[in-house]
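What follows is one chain in structure tokens, specifically the form predicted alone.
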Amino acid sequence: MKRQNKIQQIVLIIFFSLLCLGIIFPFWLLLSASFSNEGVITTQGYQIWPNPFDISAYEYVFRNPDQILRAYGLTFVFSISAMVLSVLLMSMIAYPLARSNLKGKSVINFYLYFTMLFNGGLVPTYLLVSRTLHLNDTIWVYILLGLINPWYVFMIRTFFKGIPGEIVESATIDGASEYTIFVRMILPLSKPVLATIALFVFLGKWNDWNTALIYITKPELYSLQYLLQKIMEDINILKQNQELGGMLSVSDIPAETVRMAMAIIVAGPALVVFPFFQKYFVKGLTVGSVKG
């Protein structure tokens, strides 16, 4: 029996090692390509090790470091701000919906569900944001748009329902107000779901380029994603002009390596942030198994 268990453990170790390798290898290939020479990639394709080692792609991206750093700082600020506000507002909506004594709960649930299926459309939204609220060309357009996601509200509400009602009842008997119960008891017990939603919101805001495309005209308010997209568009225009003019080789412009370098630049903060949320994911799985 022990021998059989040992064989099963070895098989599992091999399986998950191969799975991890399959996940890490594409990222490593991406990292290697970002430090490779454009001509080598064009002629020989992607390599596991960059040969020769070339940082021209990063030099091209950071040729104007002030602009990149400003976009980094702006994106980080509005991503964090939107994450905190979004989680706070959605949890405040989900808490009363999780209570059984809320009147009109079915109407509110239907209203939230209806917004998941239908929206006003791009043109009415643009007119509301730019003409009525005057949020265009401000950092608030990044923060305030999309703060409430009905799907996330339902996720938080479901988790709140799983918290034993006796906790709320005992706190009510002790004289605690609804705000005290919500802030000091419900939110600390809901760290797994709140951390998960916070990460989703942060990644959604961090990867947002569409907002800048529609509402931002000032270069100093470009988000990181949109700025990198503009850099890529400039490279494509240069390549097209070179192909038409025939003066220089297309491989002189690091188009492919710049694309890989931009992917590394964008993915960096997400890779740094994720480990801080990982323990809450594990805790959430543990809590779910105990409740089940």
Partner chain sequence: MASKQNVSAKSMTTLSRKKRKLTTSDWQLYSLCLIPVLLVFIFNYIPMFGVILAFKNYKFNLGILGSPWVGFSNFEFFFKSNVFTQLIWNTISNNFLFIVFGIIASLIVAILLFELKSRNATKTFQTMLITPHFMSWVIVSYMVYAILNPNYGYLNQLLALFGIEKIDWYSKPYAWPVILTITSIWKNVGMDSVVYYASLMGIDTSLFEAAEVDGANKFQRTIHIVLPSLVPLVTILTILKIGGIFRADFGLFYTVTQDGASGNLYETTNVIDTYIFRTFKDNATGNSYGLTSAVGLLQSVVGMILVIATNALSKKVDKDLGLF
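Here the rigid core means the biggest group of C-alpha atoms that line up within 1.5 Å when the two forms are laid on top of each other. Numbering follows the first chain given and starts at 1. No experiment lies behind these values; they were computed from the predicted model shown.
Beyond the structure shown, there is the form predicted in complex with its partner chain, which is absent from this document and is the topic of what follows.
At a distance of at most 4.5 angstroms from its partner chain in the model of the complex, none of the three residues V77, I163 and T217 contributes a non-hydrogen atom.
Taking T138, S81, N207, T196 one by one, only a single residue has any non-hydrogen atom within 4.5 Å of its partner chain in the model of the complex, and it is N207. Of the heavy atoms in N119, some are within 4.5 Å of its partner chain in the model of the complex.
In the model of the complex, at least one heavy atom of T115 sits within 4.5 Å of a heavy atom of its partner chain. Looking at S32, you'd find a heavy atom of it within 4.5 angstroms of its partner chain in the model of the complex. A residue is said to contact a partner when one of its heavy atoms sits within 4.5 Å of a partner heavy atom; S177 meets this definition for its partner chain in the model of the complex. Contacts of stretch 101-131 with its partner chain in the model of the complex, defined by any heavy atom lying within 4.5 Å, are made by N101, L102, K103, G104, I108, F110, Y111, L112, Y113, F114, T115, L117, F118, N119, G120, L122, V123, P124, T125, Y126, L127, L128, V129, R131, listed in sequence order. Put the two forms on the same core and the Cα of P26 is off by 2 Å or more between this form and the one not shown. For V266, the Cα coordinates differ by 2 angstroms or more between this form and the one not shown after the core has been superposed.
Annotation: Cα of P65 displaced by less than 2 Å between this form and the one not shown, core superposition.
By 3 Å or more, the C-alpha separation between P26 and L228 shrinks in the model of the complex relative to the form shown here.
Compared with the form shown here, the C-alpha atoms of T196 and F15 sit at least 3 Å farther apart in the model of the complex.
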